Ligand SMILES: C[C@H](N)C(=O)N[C@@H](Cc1c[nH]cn1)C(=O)O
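First, one chain by itself: the form predicted alone, in C-alpha cells.
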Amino acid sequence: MARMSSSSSSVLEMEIFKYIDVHQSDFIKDLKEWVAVESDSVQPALRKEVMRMMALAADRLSALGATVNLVNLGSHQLPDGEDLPLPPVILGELGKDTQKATVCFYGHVDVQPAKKEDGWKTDPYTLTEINGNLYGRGATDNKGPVLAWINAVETFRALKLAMPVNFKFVIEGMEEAGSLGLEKLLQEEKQYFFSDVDYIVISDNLWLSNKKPALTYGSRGNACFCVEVECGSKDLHSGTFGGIIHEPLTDLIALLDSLVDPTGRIQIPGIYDSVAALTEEERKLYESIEFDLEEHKNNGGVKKFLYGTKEEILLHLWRYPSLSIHGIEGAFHEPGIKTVIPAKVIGKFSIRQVPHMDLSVVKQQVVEHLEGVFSKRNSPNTLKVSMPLGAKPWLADVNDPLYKAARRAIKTVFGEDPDFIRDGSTIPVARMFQTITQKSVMMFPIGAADDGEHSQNEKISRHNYIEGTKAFAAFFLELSKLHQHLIETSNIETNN
C-alpha cells in the first residue's frame, strides 16, 4: 500500500514539476512586476507604493481563489510628529477541509531602500537577468519567496489537482521597518484566524552556502545595554582637572574591558549557567554542514577567527552567547586632538543570548557584574546600567513533521538532504509567531548565501526561484502524507 502511494505521488510530482518548468517565464514576469513597485517601508515618502504593493499581493491571492482580508492597522507617528497610515496586513485563506493539515505562510512585500547610485549594476526596481541571476530589490527579500509559494499553490489549481493542504497567508508591508502593528494583530487573531492552523512556514532568510539547500531551526536573541558614567554637569579641561579627578571615560573603559576576554569568553559570572547543553544529536547536525571558513573570512574582510574548525565557529555563532561592544557616546571622536575630559559617557554593548537564557536574569547578572567592578574603583562618579532592548532567541524541533516534510521535499527537488542550520542574528518574527500562536514554526529559505539581501545588487538565481517553487509544491504533498499518517496513528491509539 505504502509503495503504491509513493509511486503515484512521484508521477504527480513529475506533472507538477513539468508545469513549473514550462511556466517559468510567467513566474519571472510576475516577479518583475512586483520588483517594479518601490515598496520601501523605511521612507515615509514611499508609503503609497507600499500600499500599492499590498493591493497587488491581495489581488494575486484573490486570483488563486483565496478569501482575502486586508486588515487596517491604523497609523504610526513619525519623529516629526506627522501621522502616517500603516499598510494593511493581508490575512488570506484557501481551503477549509477539516481532514487536511492547515499551513500558514508568512512573508513580506516591503523592501529596504535602494538607489542605482548606491553602487547597483542595474536599476534596482527593474528585474534584470544576468548569467542566470535575477537582480532587483526584493528579489530574494522577500518578494521572490512569497511569489514562489503562491506559484506553487497556483500550479495545483492550474492542473485542476486537489489541494493537498489548506492554506493561510499572513503578508505584511512593514517588516523592514520593524513589523509595526503585527504583534498586536497576531494576539487579536490567536483565537480566530490561527485557531485551525497546524503549521507556520516563514521563508524570509537564506541558505548558509551558495549551492546547498538549508532549513533553519533557531536564531539567537539580543539584549542591548547602555552603561553610563557621569562625573558632573560639564566637560572639563585636562590641564585644569587632569590628574586630580576620577575621569568618567577611564571608569567606562575599565567597565567595558571587564566584559569579555581575548578568547571571546564573556566574563560576567553566571552568564553561561543556563545555556542549553549540546546534545550528541545536535552535534551530529554540524558535521555535514557545508560551510567555507576561508570564504566567510573573505566576506568579512578579516584575517583570523577565534576558532579554527567549522564546528567550533558555527557553535559559537549559533548556539553560544556572544558579547559585542558597539561604541561610546559622549566621548570626543572627531579627527585631531581635543584635550577634554567628557562629563558623561555612555558605553553600548549587546549580548546575543541563546536557549535557555532568561532576559531578566541576564540583565541582573550584567548589572551586578558592572556594579561590582565599579565599586572596586572607589569612584565618586555615578553609574547607570540599562537594557533598552531585549529580543528572545527562537528554537524549533528538527524532528517535527514540518521539518521532515521539508527535508523530503528538498531531497526530491535538489537531490540532497538540506543542512539544518541556525542563525546567529535575531529573527523576531519566528519567535513572535511561535510564542503567540503556540504552533510549530519552520524557516524554509530558498535564497542562496550570496543573494545580498539588504545590499547592492540583491538577486535570486532563476534556479533557486524555480526549484524553490518546486520544493514548496513537493512540501505540500509531503506534509499532507505526514499529517494523514499522524491522524491515522492517533486514531489507532485512541481506539486501543
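All residue numbers refer to positions in the sequence shown, first residue = 1. Keep in mind that what you see is a predicted model, and the values were worked out from it rather than measured. Here the rigid core means the biggest group of C-alpha atoms that line up within 1.5 Å when the two forms are laid on top of each other.
Another form exists, predicted together with the named molecule; not displayed. Remarks below refer to it.
Site check Glu329, Lys363 and Ser386: each within 4.5 Å of the named molecule in the predicted complex by heavy atom: No.
Touches the named molecule in the predicted complex: Asn210 (any heavy atom, 4.5 Å): Taking the distances in the predicted complex, the answer for Asn210 is no, it never comes within 4.5 Å of the named molecule.
In the predicted complex, Asn222 touching the named molecule (heavy atom, 4.5 Å): The answer is yes: Asn222 has a heavy atom within 4.5 Å of the named molecule.
In the predicted complex, Ile427 touching the named molecule (heavy atom, 4.5 Å): Yes, Ile427 is a contact residue.
Any non-hydrogen atom of Asp450 within 4.5 angstroms of the named molecule in the predicted complex: Taking the distances in the predicted complex, the answer for Asp450 is no, it never comes within 4.5 Å of the named molecule.
Candidate from Arg319, His369, Arg352, Lys392 lying within 4.5 Å of the named molecule in the predicted complex - any heavy atom: Exactly one residue meets the criterion: Arg352.
Of Glu176, Glu247, Asp419, Glu154, the one that lies within 4.5 Å of the named molecule in the predicted complex (heavy atoms): Filtering the options by heavy-atom distance leaves Glu176.
Contact segment among 464-472, 62-70, 31-39, 450-458, judged by heavy atoms lying within 4.5 Å of the named molecule in the predicted complex: Among the listed stretches, the partner-contacting one is 450-458.
Those residues of 121-158 which, in the predicted complex, come within 4.5 Å of the named molecule by heavy atom: Heavy-atom contacts within 4.5 Å come from Asp141 alone.
Yes/no, Arg220 Cα shift of 2 Å or more between the shown form and the other one with rigid core fixed: Yes, the C-alpha moves 2 Å or more.
After fitting the core, Thr140 CA displacement of 2 Å or more between the shown form and the other one: For Thr140, whose C-alpha is compared between the shown form and the other one after core superposition, the shift is less than 2 Å.
Did Gly390 shift 2 Å or more between the shown form and the other one, C-alpha, core superposed: True for Gly390: a C-alpha shift of 2 Å or more.
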